[in-house]
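As structure tokens, the next two blocks hold two forms of the same chain, structure 1 and structure 2.
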Structure 1
């Protein structure tokens, strides 16, 4: 009986693994050059940790279980709670600001669909201990630094930016009580994710006054921040939030990425912990889910029993990103290849010599391989080509004179050389 993979998971055969590594290696390279250090945590945590942070929405998406001690645990659906826990554990000894990144494997028990699976990899970049819009701008820049490097332009993607503080201030001015905001945010987050009629129905259930509901929807559809005053008269709170967005856009302009960015009050982010600036990165064709998103979460460390420390960050999953890059022909994984393939003219007589040479090459840091089968030389050369071998070492009659033949697989040129001289002339392999 054949057992299939679990729905919503992936098998990574070597070509798929090459793509995965190319994406993740790119994330890591960009993180490091932007001044972030890598961290990681356990693949499962106490269930309570996610209940504290994310409210009911994330709990419904968890793979949770009890361990042998009857403790409630969960496979991590995100890593930000782990980050908060780790920082709180050493907050007195960690120098601020903290600039960390991670590429965890995450799990969510939700219905698999295009761009959303039950297990995936996610790039997380966070700055802890810095107030103000410059830190928000830096994490947005880091995301765009990677997306530009893989070939995405302002014609391909857009960072839609808004503010939870702006939204809260406007809703309060419209008469929505502060205690109702947390339950309203997940509904507002569905504005561009659900059909228009369905969203309006959900909104009317939460906001009984139809005029206020219409006004909320009108606000969420504006594209120019100055149009806010056409909907509602700004007060000090609203003006303060507007000013902060303006400062953020000014930093993004100075960083040279503002052409990727636009104000969009329809961006809410459904999770409960966001406190101020929020944003999501979208495919401009509108065919895919958000590539990534994030925002400011200044209260999170305090919720986990630590001090009140400002924090901001984003997450970007590999599923939607991979789909988008594939559709645009931008997936460019490094070609796999072997430095040396050792072929034997008479395998029965020279296999021992081949294995010795392979072992010595590997010891010196080169990738090297040979054929297990007693195949003809032509078949072995085909195997070398299939492995994208750069050079092929051919062991034949020359071994009687302690010599071998080295063939360049690109040019087909070959030369005879003494074995000792061959190893003496080897330079250390180039680092990737």
Structure 2
């Protein structure tokens, strides 16, 4: 019986694996040069851990199961709760600030669609223990440092930035009760995601006073921070939030990435735990969902039973990013290739010598391969080409004089050399 792959999963054949590794290696490299250390946690956690933050609806969106001790567990749909748990566990002994990153494999039991699968990888970068906007700027820079390196320019992508504090203080000034904010965020988050008329309808449903609803929409459509004044008279709280955004943009400017960034009060993020700066990174062509996003979550550690410690971070999945890079021809996985391919003129007679040489080359750190088939030299060279071999070693009659032929596959030049001399001249391979 043929068993199909599970819905929403991917098989990584070698060419796909090369792409996946290229993406993840890039993430890791950039994280490290931005001063972040890698961590990871278990791939499953107590189901309850994901309920704390997000409530019961979330349970339907994740893969959960009972272990033999009747514990309710779940495959991790995100790693931030694990991060919060790990940090809380050692908070008194960890030097602050904590700058950690991870590339967890995550699972969500949603219906797959474009840029969204049930199993994927997500780059997470977090700074814990820094209150100021410099930390948010550094995290955003880190994301842009990567995206810029793979070839995306300010013409391709934009980081849309807003602030939950700004939104909250403005809504408050408009007369929306504090309690209602949390249920309002998911609706406001839809501003640019739902069709225009539909958003208006949703908003009116949530905010009965049509005048206020109009004002909210008006605010969410402004393009520059200074326009806030035109909508509402700023109070101290509003000014404080505006100042923080200004500080953030100032840092981003100093870091040389401000051309990528744009204030956009339409960015809210659906999640309840964001407390201040929030942002999402978009493809400017607008076809795809957000490439990534993040923000400040100053209350989360406390919610997980720890002390009150400020924190900020972002996440970027591999699905949307992969689609986008593919569309633009920016996927450049490392080409595979063998350093040496050992070919035999008379395989029946010299295979033993070939394998010995292969083993010796491998021991010295080179990749080396040979053909299992007793095929013609022509065919073996064909295989060498197919494997992208840099050099071929040909074993023929010269072997009687302890000589072999080294053929450079790019220049087609070849030379005879004593086996001893060949190995004596061999330098250790260059590290990548």
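Numbering follows the first chain given and starts at 1. The structure displayed is predicted, hence computed values, not measured ones. Each form is matched to the other, and the largest set of C-alpha atoms that superpose within 1.5 Å is called the rigid core.
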query = Does structure 1 or structure 2 depict the form predicted in complex with the RNA?
reply = 2
task = Tell me, please, whether between the two structures the C-alpha of residue 262 is shifted by 2 Å or more, with the rigid core used for superposition.
result = no
query = Quick one: once the rigid core is lined up, does residue 359 have its C-alpha move by 2 Å or more between the two structures?
reply = no
task = Would you say whether residue 346 is displaced between the two structures, judging by a C-alpha shift of 2 Å or more on the superposed rigid core?
result = no
inquiry  = residue 206: how large is its C-alpha shift between the two structures, with the rigid core as the superposition reference, in Å?
reply    = 2.9
